[in-house]
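Given as structure tokens, the chain that follows is alone and in the form predicted alone.
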């Protein structure tokens, strides 16, 4: 047995510890395959149950189905998995930002099951964010199994995200870009290759099981000069809708928290409300892929005003589903709202300018999807390549660039933080690797404090103090009370020069007469950002740290800079 273990250790050392890139590429492929399998399993199971329940949705009693689904979804997450509700993607971003990519093993399947219950019953949400959570958790736990460090684990979390997105949309480039643009937030060579491999692995898993390549297939279309102006107008429209969608999601979620009913009852009430609206407009239920196919294909039968109302109903039911206890993501709702917005804008444009030479209604549905996704996620590259890949609509790539850029920019001006980041930023928990905030947060005050200081007595005569500073290279001396041992003030060598140069003062004054008692102090509970603000505000290079009236040490700007530089090198170096 020991020989077998030695052989394994030797193999592990030779093939896994030999080269960091080899480890990440190999593990990334494995993560991509498992993330792809999870995504395909959710996609197929949702399609099966949605098809099974479709004939029953015409009955009035069917309004209760989303309520039952939301109830079981909430109970499963809260009582069985002991996890809070959420959209999935913010939790992964938080894990990367603050926990070195650590995710629990149960997260590999918990969101898959809860979102399946929500969406299959008719709740308005998408399966994409749950598979991102699942794929990321798979990457995190495989990294843990292999004993990888934080930076390698975060790369594998990105691999899981890329594999999941690539698989559920059959869009490997979009999976790669989404993982780097949204989840990791840093374009590094060491990350790109393993994540690209994971994305390809995830897409291949999808293709092997579900041979159809594009999720939505538009008919061929041509682009005209008039589409430039049309795209600019659509971008303005989708930016406004994106902001409305983002704010509605947050406001309805906030309203739910203030509603004085138990969470499980709240989930059921929200689900029933969604089901009631779905009786009159079924297209707002579920992930909405079928109406998107019709709109992209140019065969959507609804009238202009019904489509316009449908945009806001979809926003409302998605906010209720996710805010009142259901589980799922906002990808698919963004796609449906975007395609509805594109079709509405096209119809309005053709009503005002009936002879305008522009492309087809289906092409505007594509552009609308890109505009809403860019506005809500504020990640234009992910939106452009996702829409291009899932539709095969590369003919419209220039218009996609135009719409996405304008929509994301305008949305950013109105709402500076995207839906994914807003809560984390408000809680002060969003910190990208390599940023000042992240580096400072990773430095503890205990690392910074210099405790090698000579304390002096308040009643020490100045001559004795002169003898101390002759044999020391320090410029600051904390003054301590003889009776209580409490910190009283600080003697700065630069402030006592006039006394030091005149021996007549040596036996005339005591330290409590010349110490600085007004100097601001820091507490061990302060964070480094606050300490730096103290230094900037009072224009000082050193600050004493006092804990329960006792002197703990000094913090200097020079030491902060030195440790900052080391941490920056550690976080940004290729490991």
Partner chain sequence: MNYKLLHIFRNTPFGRETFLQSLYFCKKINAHPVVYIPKTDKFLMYFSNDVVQVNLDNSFLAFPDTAHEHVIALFDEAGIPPRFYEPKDFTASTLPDISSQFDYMCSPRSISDRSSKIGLGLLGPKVRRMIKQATFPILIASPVFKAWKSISVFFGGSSNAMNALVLGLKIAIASGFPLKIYTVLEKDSEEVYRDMVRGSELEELVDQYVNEWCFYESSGFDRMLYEVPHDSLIVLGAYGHGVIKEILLGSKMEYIQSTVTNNLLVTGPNCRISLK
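Positions refer to the first chain, counted from 1. The shown structure was predicted, so the numbers you read here are calculated from the model rather than taken from an experiment. Only the largest set of C-alpha atoms that superpose within 1.5 Å between the two forms is called the rigid core.
If you look for the form predicted together with its partner chain, you will not find it shown, but the lines that follow are about it.
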Any idea which of 33 to 41, 56 to 64, 502 to 510, 520 to 528 reaches within 4.5 Å of its partner chain in the model of the complex, heavy atoms considered? 520 to 528
Just one of 486, 450, 464, 426 has a heavy atom within 4.5 angstroms of its partner chain in the model of the complex, so which one? 486
In the model of the complex, the one of 390, 235, 148, 332 near its partner chain [non-hydrogen atom within 4.5 angstroms]: 148
Any chance all of 82, 103 and 549 sit within 4.5 Å of its partner chain in the model of the complex, going by non-hydrogen atoms? yes
So in the model of the complex, does any heavy atom of residue 94 sit within 4.5 Å of its partner chain? yes
State yes or no: in the model of the complex, is some non-hydrogen atom of residue 98 no more than 4.5 angstroms from a non-hydrogen atom of its partner chain? yes
Just checking whether residue 474 would be counted as a contact of its partner chain in the model of the complex - the rule being heavy atoms within 4.5 angstroms. no
Indicate whether residue 361 is a 4.5 Å heavy atom neighbour of its partner chain in the model of the complex. no
So with the core overlaid, does the Cα of residue 41 end up 2 Å or more away between the shown form and the other one? no
Using a superposition on the rigid core, decide whether the Cα position of residue 455 changes by 2 angstroms or more between the shown form and the other one. yes
Rigid core superposed, CA of residue 523 - does it shift 2 Å or more between the shown form and the other one? yes
